[in-house]
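The chain that follows stands alone, in the form predicted on its own, written as structure tokens.
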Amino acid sequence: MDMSRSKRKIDHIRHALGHEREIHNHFDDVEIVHQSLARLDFNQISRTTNAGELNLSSPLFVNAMTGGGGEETKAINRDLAIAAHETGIAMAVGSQMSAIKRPEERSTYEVVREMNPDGKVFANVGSEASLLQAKEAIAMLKADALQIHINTLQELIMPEGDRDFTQRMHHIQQIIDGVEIPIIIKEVGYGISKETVRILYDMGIRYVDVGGRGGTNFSKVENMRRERPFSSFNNWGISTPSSILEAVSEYEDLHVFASGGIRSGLDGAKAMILGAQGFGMAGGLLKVLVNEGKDALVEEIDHIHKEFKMTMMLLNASTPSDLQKKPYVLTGATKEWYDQRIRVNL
């Protein structure tokens, strides 16, 4: 079983790199209203942003991808961490449950802190983790925050996945009560609804990563590993823009990170305009790293940062937080979702 976990990590990378994204990206349903009269100096625009206790030098971060798959995933995490260090962005690791269960896999995660000793690093455990396991994951990386990932549908499609979720809420509450650093509840591609946000908020959560539909599709990834796929669920979930709108509609002191299908600095800026305080990218960055190498990844991150700052310049936003509430227009399915789910309660 342990060796199958390691193999599964490699399978996930291979399938994630190979599978096709949705033809329609819901960030194209968000149109920014252009402002003609620029008043800022591009070189004075700041990327620094604060989300609660987390002070970030950029709203962009490398989101959870991998680890626990031996030397192959160690090499990927090492290069991701070097790129994060060189570009000054935060980085989350993939689920550390494999290293907690197999100590020989620890180095595939520890390399992230070794390569980026002073950067912001997010640890990551599943919702099945105990408080002790969460503390072990944090210590492994000297982490600045902890992601707890929620992946019910992925587990159900995964042949060897969990089926009993009766203790998940209890485990999450124990971690909330027993951990000092910020805890980010992270979806893995199915989005977070306002109903979920209410429950999490009442539990004490103040950070969510919506992990919406539109990026790496783990329903498809897991279905590729099944003899008979549950392909009916390949389009399950809330799109990332709709999920941001859901999450920010509830509480002003909830810090929302956006991920899932963000292709560019422009998409990242759109996420911020909708109310997010940071945006994570995973699959797109992994493709550049695997296909073109670490230096190309650094160039890609720099390019994303330039796109983000160009959008700020066009909207006279001197800091990322200034993007929030800039004028935008919703179209298509995102407009329909907003009208039926959010506008009706305003």
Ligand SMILES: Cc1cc2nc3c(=O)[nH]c(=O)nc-3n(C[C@H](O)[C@H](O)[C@H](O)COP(=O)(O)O)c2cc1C
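For every residue, the number given is its place in the sequence shown, counted from 1. Predicted model only: the values in this text are computed from it and were never measured.
Although not depicted, the form predicted in complex with this ligand is the subject of the following passage.
Shown here without its partner, the chain carries Lys194, Leu254 and Ile342, none of which come within 4.5 Å of this ligand in the predicted bound form through any heavy atom. Distance criterion of 4.5 Å from any heavy atom to this ligand in the predicted bound form singles out Glu187 from the list Glu222, Asp267, Glu105, Glu187. Contact with this ligand in the predicted bound form, defined as a heavy atom within 4.5 Å, holds for exactly one of Val30, Leu289, Ile301, Met281, namely Met281. Interface residue remark: Ser259 is counted as part of the site for this ligand in the predicted bound form, having a heavy atom within 4.5 Å. With a 4.5 Å cutoff on heavy atoms, Gly215 counts as touching this ligand in the predicted bound form. In the predicted bound form, at least one heavy atom of Met65 sits within 4.5 Å of this ligand. In the predicted bound form, at least one heavy atom of Ile13 sits within 4.5 Å of this ligand. Stretch-level contact check against this ligand in the predicted bound form with heavy atoms at 4.5 Å: of 135-143, 200-208, 89-97, 111-119, the positive one is 89-97.
Contacts between 114-147 and this ligand, taken as any heavy atom within 4.5 Å in the predicted bound form, involve only Asn124.
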